[in-house]
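Shown next as structure tokens: one chain only, the form predicted on its own.
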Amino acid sequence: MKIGIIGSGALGLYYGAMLQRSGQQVRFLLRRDYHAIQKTGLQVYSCNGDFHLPQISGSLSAQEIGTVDLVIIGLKTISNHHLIDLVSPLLGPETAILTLQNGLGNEELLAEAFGARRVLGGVAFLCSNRGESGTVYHSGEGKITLGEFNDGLSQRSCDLAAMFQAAGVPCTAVSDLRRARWEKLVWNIPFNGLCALLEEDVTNLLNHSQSKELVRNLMFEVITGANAQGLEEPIDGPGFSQKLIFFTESMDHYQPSMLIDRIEGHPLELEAIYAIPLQQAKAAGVNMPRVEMLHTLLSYGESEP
């Protein structure tokens, strides 16, 4: 399969590298890593085994990539105003689009521009960071849950899940993409937000009993908002929140992406991870006051839209 990667950060580089190593034809849209990768290839340092790809098909423009069978989007949502222009040159009559971006609203944006039948969404539980140019560090996890934007378990989503699995990426196709999106928010909203606000990693956050309790309370609010969305099956609040906390306790001093963005002075993904979920919860009759306060505090100092 010919695959185009839009958004070659830690997520796009890692999954693209895994797919290329398995034999897929992967073409990366690159920015800061372009010259390093053209010169020395892509180096992946992974908890599952390091590997190096000496030859990478990288381009500085979407037009250079050309038509592909599948577009995988790992672009930060703060750049979604460029998304349509970046994706358009890659589309043929049957090209599918899989967005692995954080938060809510990404599938809707793509469906409005290109038609809902093309669009799939995926949720990536991946611990990865970029290092020096041409390198990516994978410290844990990597599972993808994906599904059709229009819901329903399709053969296409099952085939894509099988492709990722063959590449060594655990992947499951689901019938309820909305539920998967909100499940990721149960982790993203407290951990990304609190770590960025306090400039502390997940281990330090959980080692403080009061902040750990705040994490749990934020999770309960998000789960209440999620369960008001008409999911196929409700999320179990106590069980799911404890599972995520236990999972995070194994992430040795992991720095979420929003913490890194705050430290490096980059804009935060507040619209997709906070504003839209708050809007959708409120529309369903659920207020999330702790989430709203966290959003307000994170917004302080950010540039006005």
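Computed from a predicted model, the values in this text were never measured in an experiment. Residue positions are given as counts along the sequence shown, with the first one as 1.
Keep in mind the form predicted together with a further copy of the same chain is missing from the figure; the text below concerns it.
**Student:** Taking a further copy of the same chain as it sits in the model of the complex, is Leu214 near enough to touch it, meaning that at least one heavy atom pair lies within 4.5 angstroms?
**Tutor:** Close contact exists here: in the model of the complex, Leu214 approaches a further copy of the same chain to within 4.5 Å, heavy atoms only.
**Student:** Even though a further copy of the same chain is not shown here, does Ala283 get within 4.5 Å of it in the model of the complex, heavy atoms only?
**Tutor:** Ala283 lies outside the contact set for a further copy of the same chain.
**Student:** Does any heavy atom of Ser133 come within 4.5 Å of a heavy atom of a further copy of the same chain in the model of the complex?
**Tutor:** Output for Ser133 is no: heavy atoms all beyond 4.5 Å of a further copy of the same chain.
**Student:** Leu160 near a further copy of the same chain in the model of the complex, any heavy atom under 4.5 Å?
**Tutor:** Output for Leu160 is no: heavy atoms all beyond 4.5 Å of a further copy of the same chain.
**Student:** Could you work out which of Ser154, Thr224, Gln165, Asn204 is the residue within 4.5 angstroms of a further copy of the same chain in the model of the complex, going by heavy atoms?
**Tutor:** Exactly one residue meets the criterion: Asn204.
**Student:** Only one of Leu104, Leu194, Val174, Leu126 has a non-hydrogen atom within 4.5 angstroms of a further copy of the same chain in the model of the complex; which is it?
**Tutor:** Answer to the contact question: Leu194.
**Student:** Heavy atoms within 4.5 Å of a further copy of the same chain in the model of the complex: which stretch in 176-184, 214-222, 135-143, 75-83 meets that?
**Tutor:** One stretch meets the cut-off, namely 214-222.
**Student:** For the stretch 266-298, which residues lie within 4.5 Å of a further copy of the same chain in the model of the complex by non-hydrogen atom distance?
**Tutor:** The stretch touches the partner through Pro289, Arg290, Glu292, Met293, Leu294, His295, Thr296, Leu297.
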